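Next up: just one chain, as structure tokens, the form predicted on its own.
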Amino acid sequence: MDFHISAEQRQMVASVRELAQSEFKPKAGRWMDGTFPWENMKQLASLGVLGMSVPEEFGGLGLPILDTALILEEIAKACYVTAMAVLGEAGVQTRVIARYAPAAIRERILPRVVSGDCMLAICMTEPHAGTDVANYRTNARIVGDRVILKGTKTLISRAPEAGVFIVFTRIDGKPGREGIGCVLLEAGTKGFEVTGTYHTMGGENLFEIQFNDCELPLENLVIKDDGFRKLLTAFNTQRCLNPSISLGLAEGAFDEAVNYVRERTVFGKPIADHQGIRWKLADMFKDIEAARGILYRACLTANPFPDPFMAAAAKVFCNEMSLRVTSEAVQLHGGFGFTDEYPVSRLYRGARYGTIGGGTSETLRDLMGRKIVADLDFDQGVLGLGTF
């Protein structure tokens, strides 16, 4: 197992870190009212960051998932809202287009993702079905050379800003998992409407959208057959990139906590001089490092998508670690940690999303447990379950 970070990777991370710490962190509070961080996205586009998941033939960087995770981790340390916006360009929706869309669609859309001129949104959750994909009611009906899309999706990121929507839907009303496919819809399509807004505790807005018999060309039917398997396979990318944001939030909060306890005095000496405080910092650090190890290892299983078991393990561990570490960072700030004047409050609220989005911790624990029960081979032991 080689977790060595190359000089090229370090240079890339350093460039993003410099931008995030100098530009994004000081104004992170500006985006807490749901305003989309367009100016941050344009700066990242100029570095090529928005093209991380876009193949080189379309002007992107075509980076491995580990490299993408490293960059998201660095952005999240400074600004959760911006990290989530970048996830929309580097995550499953871009990889679905690059992997499954017809050449004409890839040529039209992917260069615009790289330049920052086209935000992407993935549409999965429905009012009555989130993780329960097999119960989707949204339907794409094939009529000759057209596709008619009808249904409702909710808790969708970037709906007003997105130029392209990747919509997972039922195809021709076929029931169950076998009926799931994927269509691509471009903003401005007749019958498309944003019908609701939800402001989140992390700062970003989420939206409800409706497809009222939206008529699409047949080439926009990106996935028709074997869609459920392809969806879950591609979605394992999200289960590595979501926890990279959780890891970055924890690291950002840890940095803030260390700085605060060094400078803040109590009973005549810095808080950091108290043994109990140092032990808290030690526990926070070991949690962060354990999470980093399992996440990077999961990222390295990608070919082209990560191993589902390892991605699930990484997501659950990183998400829950982030909640613990950001909460301790708030505690170490005392009353100031509960105010919006200090970044730890914002980082803690961002961390709360991790265990919910991209597959809940409960769902992923069950996925892991089923594999353990079914596949644990006592000749190999635990080593046989992971990818080494």
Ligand SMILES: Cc1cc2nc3c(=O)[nH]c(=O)nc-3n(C[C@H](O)[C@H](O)[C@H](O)COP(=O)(O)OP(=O)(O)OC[C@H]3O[C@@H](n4cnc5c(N)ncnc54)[C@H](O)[C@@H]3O)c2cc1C
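The first residue of the shown sequence is 1; numbering continues from there. Here the structure is a predicted model, which means the values were calculated and not measured.
One more form of this protein should be noted, the form predicted in complex with this ligand, which is absent from this view; the next part is about it.
- In the predicted bound form, no heavy atom of residue 236 sits within 4.5 Å of this ligand.
- In the predicted bound form, residue 259 stays away from this ligand, with no heavy atom inside 4.5 Å.
- The closest non-hydrogen atom of residue 360 lies within 4.5 Å of this ligand in the predicted bound form.
- Heavy atoms of residue 353 reach within 4.5 Å of this ligand in the predicted bound form, making it an interface residue.
- Picking from 120 to 128, 281 to 289, 183 to 191, 304 to 312 the stretch near this ligand in the predicted bound form, with a 4.5 Å limit on heavy atoms, gives 120 to 128.
- Proximity to this ligand in the predicted bound form, defined as a heavy atom within 4.5 Å, holds among 96, 114, 149, 156 only for 156.
- This chain lacks the partner; the member of 222, 206, 277, 231 within 4.5 angstroms of this ligand in the predicted bound form by a non-hydrogen atom is 206.
- Contacts of stretch 59 to 82 with this ligand in the predicted bound form, defined by any heavy atom lying within 4.5 Å, are made by 80 alone.
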